[in-house]
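Just the one chain here, the form predicted on its own, laid out as structure tokens.
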Amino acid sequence: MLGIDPGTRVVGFGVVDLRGGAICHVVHGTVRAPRDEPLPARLATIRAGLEQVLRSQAPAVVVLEGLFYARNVKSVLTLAHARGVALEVAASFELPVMEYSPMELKRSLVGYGRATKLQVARMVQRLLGLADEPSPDAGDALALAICHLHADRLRSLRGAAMRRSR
């Protein structure tokens, strides 16, 4: 699973895997676009960085945070450009994309839909056994990937229960 936390200057990415029933950290990091570059150039840098991650990690699924409402429309529109790049890169690699709302993500990791960023980051660190807390962008990306693994496990359990009840 590749989680992507899009931004127009910093994009977080995090890859986790399920091995023997345990969630395992594979890699995490950021793609950074120069602040002084115009938006199209930053988006090109982001695209190239995400392509490199996809080629090197070959994930089965890409996970993004779903759209959310914010008071600053300009910020949301700018962020939508970065999300669009992430979606397009995933499509060019023919990968399915899953999306989770911020509340679903927090509930999945912390058990509380209004958890703080710090609570999410600490839970990511604890769940993956990381020596250090990841950067906020990489931590959010790892959280998205973990959230998808949790949701996928629940779907599998639900499906098995439904088959047994027939």
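The first residue of the shown sequence is 1; numbering continues from there. Note that the structure is predicted; figures quoted are calculated from it, not measured.
Keep in mind that the form predicted together with another copy of the chain is missing from the display, and what follows is about it.
With another copy of the chain left out of view, the stretch that reaches within 4.5 Å of it through heavy atoms in the predicted complex is, among 44 to 52, 121 to 129, 105 to 113, 22 to 30, 44 to 52.
Using a 4.5 Å cutoff between non-hydrogen atoms, residue 34 does not count as a contact of another copy of the chain in the predicted complex. In the predicted complex, residue 97 approaches another copy of the chain with a heavy atom inside 4.5 Å. The closest non-hydrogen atom of residue 58 lies beyond 4.5 Å of another copy of the chain in the predicted complex. In sequence order, 85, 87, 88, 91, 92, 97 are the residues of 85 to 119 having a heavy atom within 4.5 Å of another copy of the chain in the predicted complex; the partner itself is omitted from this view.
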